[in-house]
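In the block that follows, a single chain appears as structure tokens, in the form predicted alone.
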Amino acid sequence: MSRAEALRMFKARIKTETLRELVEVVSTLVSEVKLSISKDGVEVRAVDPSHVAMLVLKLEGGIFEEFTGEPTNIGVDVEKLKDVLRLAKPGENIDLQYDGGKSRLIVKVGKVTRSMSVIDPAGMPEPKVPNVSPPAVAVVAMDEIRQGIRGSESISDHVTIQVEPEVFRLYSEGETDRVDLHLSKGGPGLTRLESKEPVKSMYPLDFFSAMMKSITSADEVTLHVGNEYPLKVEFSMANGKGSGRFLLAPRVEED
């Protein structure tokens, strides 16, 4: 290890609820993650092993109660962070400290301190974020999305999102049954709807459901949709101090 690596430090204090949401969002795709630390905050990029979904998170320094970061990368076992969160009380602060010289992440919850090994980030993937710009946009209430998902889970293993100039639909079709979430432009549950023509794509329900359930602090989510096109899901965290983006590959319907 070089002297420069040994001097790299990261110290932060974060609310339990914020760290829990971060961990839940990340764990929808991976069990190990690389944290890219800078003086401005933390960035996370992750791709699930099947390369169906991608996550990009940007956490500004303001999302933390306290934050000091020098440019470095830290590989973290997400399950170990879940273990730490089980010790935390609602509203409690969690202290994180990384010492590059010892290659340990120190986590303090109340009077309990856990020293955990980190993962060498050099062997972890650094996914490139594709330039995905689907033509239709819908800003939908999370409560509506979750209700549509609950209705779909007993019908099929996939879900279709359809955006028209005046209507947003989320539906699933089985052999005999169908569940349809229907929201009209200008009506409750739909803050924004932009689409010059009807577009739709089908997506794996397990991934989509896990993504939506992991987003706990946002009241609404922005969905970018195209015809048989990757879904782009944009959401905020911690009162807008953090932002996230999921990308989900479509399930192409066979003729």
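The structure displayed is predicted, hence computed values, not measured ones. Quick note: we count residues from 1 along the sequence shown, nothing fancier.
The same protein also exists as the form predicted together with a further copy of the same chain; that form is not shown, yet it is the one meant from here on.
Not one of 17, 197 and 216 comes within 4.5 Å of a further copy of the same chain in the model of the complex, counting any heavy atom. With a 4.5 Å cutoff on heavy atoms, residue 80 counts as touching a further copy of the same chain in the model of the complex. Remark: residue 151 counts among the residues lining a further copy of the same chain in the model of the complex, judged by a heavy atom distance of 4.5 Å or less. a further copy of the same chain in the model of the complex comes within 4.5 Å of no heavy atom belonging to residue 133. Mapping the unseen interface onto this chain, residue 112 counts among the residues with a heavy atom inside 4.5 Å of a further copy of the same chain in the model of the complex. Residues within 4.5 angstroms of a further copy of the same chain in the model of the complex, judged by any non-hydrogen atom, belong to 140 to 148 and to none of the other stretches in 159 to 167, 140 to 148, 124 to 132, 67 to 75.
In the model of the complex, a further copy of the same chain lies within 4.5 angstroms of at least one heavy atom of each of the following residues of 167 to 184: 176, 177, 178, 179, 180, 181, 182, 183, in sequence order.
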